[in-house]
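One chain is shown next in structure tokens, namely the form predicted alone.
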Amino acid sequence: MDGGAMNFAILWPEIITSGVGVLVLAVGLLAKGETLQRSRAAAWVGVLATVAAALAAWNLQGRNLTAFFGGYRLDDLAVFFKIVVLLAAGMTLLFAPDFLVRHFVRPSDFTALVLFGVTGMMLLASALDFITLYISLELISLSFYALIAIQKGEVRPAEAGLKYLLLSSLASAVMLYGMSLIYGLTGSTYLEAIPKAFGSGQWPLLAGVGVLFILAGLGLKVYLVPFHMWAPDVYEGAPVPTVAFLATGSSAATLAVILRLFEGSFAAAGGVWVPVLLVLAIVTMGVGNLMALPQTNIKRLLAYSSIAHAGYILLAVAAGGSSGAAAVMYYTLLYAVSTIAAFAVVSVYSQAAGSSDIQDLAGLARRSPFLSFVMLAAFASLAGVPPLAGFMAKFTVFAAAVEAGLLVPAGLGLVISVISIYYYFQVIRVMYVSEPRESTPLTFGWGTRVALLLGLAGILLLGVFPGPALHMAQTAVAAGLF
């Protein structure tokens, strides 16, 4: 399709989520008071919106085209990431009301912000020029500024929101400077114009600096060391549903952009960014896993776990090629399912315990066998235990690295990943071996139950039957990035 075509039919996923978000926000503002039933209804409306948007996105597969004057790309890669972020948003909205109502937060506000955030994420997955990319990132960031600090009267969420605001703004400034350098050298903001301007020859020094600045700006969004310092504090201070969505949806959308940029526009400058990214990926794996060992708070432990998983994913980015890109996509999906399942369990037990300390999980297997089993599956998956989803995810990443000849980084990553088994299974030991501090059974709503079942099904089925998801990722990569 012509780059100037204004085909609004391809925007149905974004139209659905943004339109329902505005509707939910308007109804919430006009309603007198917010009852528990109305709160749950708002969340379920949001869930239905994500399902409808996911179906609309699914129907767009195979329609590889560029629209809106070359700034928007609809291809199978964009569709894949749209479905992942919609899955993350839908699962988050399922268990969010049980947490939010007890913390005096209006779930209608939360639902609207999640829908606005996921709209930005879907736009980001299709961004094909710097302007669309930046506006999409800012829409995501604006949503999370509010989502992180949404608990009224609480100090920690406000502090976490301020930290995210300051560091995210700094990252945006750094990334914008990098974009300005590339624009100054190419005269265009379009991603596909960059390789045409520089070709496969030697890239100018300023272009290399611009690439590294953009890597630094995006690195903060995916917890790349040394841009990770905000994550543990924000994870600990923000509401659990917010953290679940931040850890999965935001990272997935950013990885879509990283693939388009570094496997497409900046591929010819691999001599500049690949060595840097390899070093940072290995350091990120190491820092994430080592810093997780002494943690006593489950949310901080999951923050460092997210940092470590960012290292694995970025190793696949550095490996490049179709295998590396497909590994990134597959890993993103399986990580999202496992992580949201874990946070759904944290949401339930932290409400009952009044804190998110790991020791509060003591005896969870006796208080709620179902919750403990979901957490066992989620943590075993994140640790890479076969035949669960996380094992296949790590296998694809390390296989892509070996295929690219990165034997030493792959070996180091494999050794470092063994560390994660210790801290994940320490939590499992507390759940199954330690004596419970209370004997009262834990209760939760149907929304939370559905989210837990979806997470458990994803962990088991995507690990045992990886073929369909892997095939979808490989097909998306084969279609190209522009």
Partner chain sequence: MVPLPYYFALSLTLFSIGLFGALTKRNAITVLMSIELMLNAVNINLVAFSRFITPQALLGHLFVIFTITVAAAEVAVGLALVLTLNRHRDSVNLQDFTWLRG
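Everything numeric here is computed off the predicted structure, so don't read it as measured data. Residue numbers count along the first chain shown, from 1.
Below, we turn to the form predicted together with the partner chain, even though it does not appear here.
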- Heavy atom distance at most 4.5 Å to the partner chain in the model of the complex, all of E138, V174 and G187: yes
- Message: Among the candidate stretches 400-408, 82-90, 374-382, 128-136, which one is within 4.5 Å of the partner chain in the model of the complex when only heavy atoms are counted?
- Response: 128-136
- Exercise: D360 in contact with the partner chain in the model of the complex, heavy atom 4.5 Å: no
- Do Y304 and the partner chain come within 4.5 Å of each other in the model of the complex, heavy atoms counted? yes
- Item | Non-hydrogen atom contact S169 with the partner chain in the model of the complex at 4.5 angstroms | yes
- Query: Does the partner chain get within 4.5 angstroms of any non-hydrogen atom of K163 in the model of the complex?
  - Reply: yes
- E192, D109, E263, E236 - the one with a heavy atom within 4.5 Å of the partner chain in the model of the complex: E236
- Item | in the model of the complex, the residue from A267, L181, A353, L412 that sits within 4.5 Å of the partner chain by heavy atoms | L181
- in the model of the complex: members of 284-301 within 4.5 Å of the partner chain, any heavy atom: R300
